[in-house]
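Starting off, we have a lone chain in the form predicted on its own, written out as structure tokens.
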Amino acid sequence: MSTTKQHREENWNALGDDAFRRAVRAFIEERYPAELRFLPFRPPWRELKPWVMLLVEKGWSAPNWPVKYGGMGLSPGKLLIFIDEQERWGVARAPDHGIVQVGPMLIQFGSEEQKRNVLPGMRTFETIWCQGYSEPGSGSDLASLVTEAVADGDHFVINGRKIWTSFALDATHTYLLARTDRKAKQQEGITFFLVDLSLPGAARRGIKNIAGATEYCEMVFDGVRVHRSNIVGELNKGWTVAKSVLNFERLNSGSPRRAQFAFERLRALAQERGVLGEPDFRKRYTELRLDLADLKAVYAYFADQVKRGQPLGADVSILKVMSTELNQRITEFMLETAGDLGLVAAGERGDIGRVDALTPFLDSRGRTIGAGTSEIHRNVVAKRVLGLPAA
């Protein structure tokens, strides 16, 4: 029996939570590269790939998938421990849309042929996936998308643009929404497609963010012919499929991860600057530490819902607002603490190491926009949780 197969066949859920946490922690602390801990930017795939291949070999690359499809088959509680240990150690996020979003969606909605042909490459990262949702004029109002797919025999011809796409430069494939019925209402007449980015007519252009890192892309589809077999779910019913993909994002976008990363860097910066014991610094530092504890408590509340198998409600929008805005407050204080060291951003390489306060500050600016703006999430809470009337 191969090592990978043996690991996949272990019943991780039979372990107690403490024992499982110790096993995950020991592996991460022993094998994860120290130079990639608590980075203020997403590292290029080439730098993170050796770590991800270790997870593939160990059978840990798809912790949320059923064992039947090569995953660890973790229960929601065990999965949250697995994620928590990575965040605690400062593990950078891999280009994992295939694992955490489209893979589970295919397991739920995909055809047997799609599961057989697509899932194995996702699990081993032979294929890397990105999400083709947002468009130049359709961000938070995703249902207003205009990318179109027109039937032509056994194929659909896709024309349109997607933008602010994470991981797209490294991606081999994308999953996207395209309008297939112009006469239908906004959230109807939309179809979910799997698209190979090597097809003629598919192009990508990197977009540098204000910190100088090429984190996002614009994708252009000019007459891209996609076989009908790459539709997931029913024709014109892609909105239902798309919503299932967003379920993970709703919890993930409110994770304390980025605020925790920023706080760890604030601590290291303060030690380097020799201000950790100064009263004025300690006052604000303690306030932020308490805010972080509050965020973790709220995250634990929603995580417990997931553990119990309960669907997340509209109130989870609170989490995203708290997380991204706390991240901004921490990085603003980092910039003040850095003084003259806060004038230079590390960009993609992180060349000025742990004293780089500018990169996380700049990165935090867009986090209140992505995955739904803070204004959108506040409106959701106002209308659907508090029952307030529309303005």
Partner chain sequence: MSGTTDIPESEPAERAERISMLRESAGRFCAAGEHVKRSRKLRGSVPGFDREVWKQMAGMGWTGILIPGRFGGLGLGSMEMAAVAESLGRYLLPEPLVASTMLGAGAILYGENETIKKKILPAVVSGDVIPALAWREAGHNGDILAASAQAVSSREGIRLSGRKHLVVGGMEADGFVVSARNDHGLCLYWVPGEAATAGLAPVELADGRSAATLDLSGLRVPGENRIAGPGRAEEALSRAFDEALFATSAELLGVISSAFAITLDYLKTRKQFGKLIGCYQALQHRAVDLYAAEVTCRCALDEVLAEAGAPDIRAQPRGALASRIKARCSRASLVVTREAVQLHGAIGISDECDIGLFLKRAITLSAWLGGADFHRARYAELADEEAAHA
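Predicted, not measured: the structure shown is a model, and the values here were computed from it. Positions refer to the first chain, counted from 1.
In what follows, reference is made to the form predicted in complex with its partner chain, a form of this protein that is not presented.
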Interface membership of L15, its partner chain in the predicted bound form, 4.5 Å heavy atom rule: no
4.5 Å heavy atom contact, Y301 to its partner chain in the predicted bound form: yes
Since only the chain is shown here, I'm wondering whether E112 would be in contact with its partner chain in the predicted bound form (any heavy atom pair within 4.5 Å). no
R228: touches its partner chain in the predicted bound form, heavy atom cutoff 4.5 angstroms: no
Position in contact with its partner chain when the complex is considered in the predicted bound form, options L55, L362, M322, I28, heavy atoms within 4.5 Å: M322
Tell me, out of H155, R282, R204, K237, which residue has a non-hydrogen atom within 4.5 angstroms of its partner chain in the predicted bound form. R282
Just to confirm the contact call: exactly one of 122-130, 99-107, 82-90, 312-320 touches its partner chain in the predicted bound form at a 4.5 Å heavy atom cutoff, so which is it? 312-320
Judged by heavy atoms and a 4.5 Å cut-off, are D291, R378 and G387 together in contact with its partner chain in the predicted bound form? yes
Heavy atom contacts to its partner chain in the predicted bound form at 4.5 Å, residues of 188-205 in sequence order: none
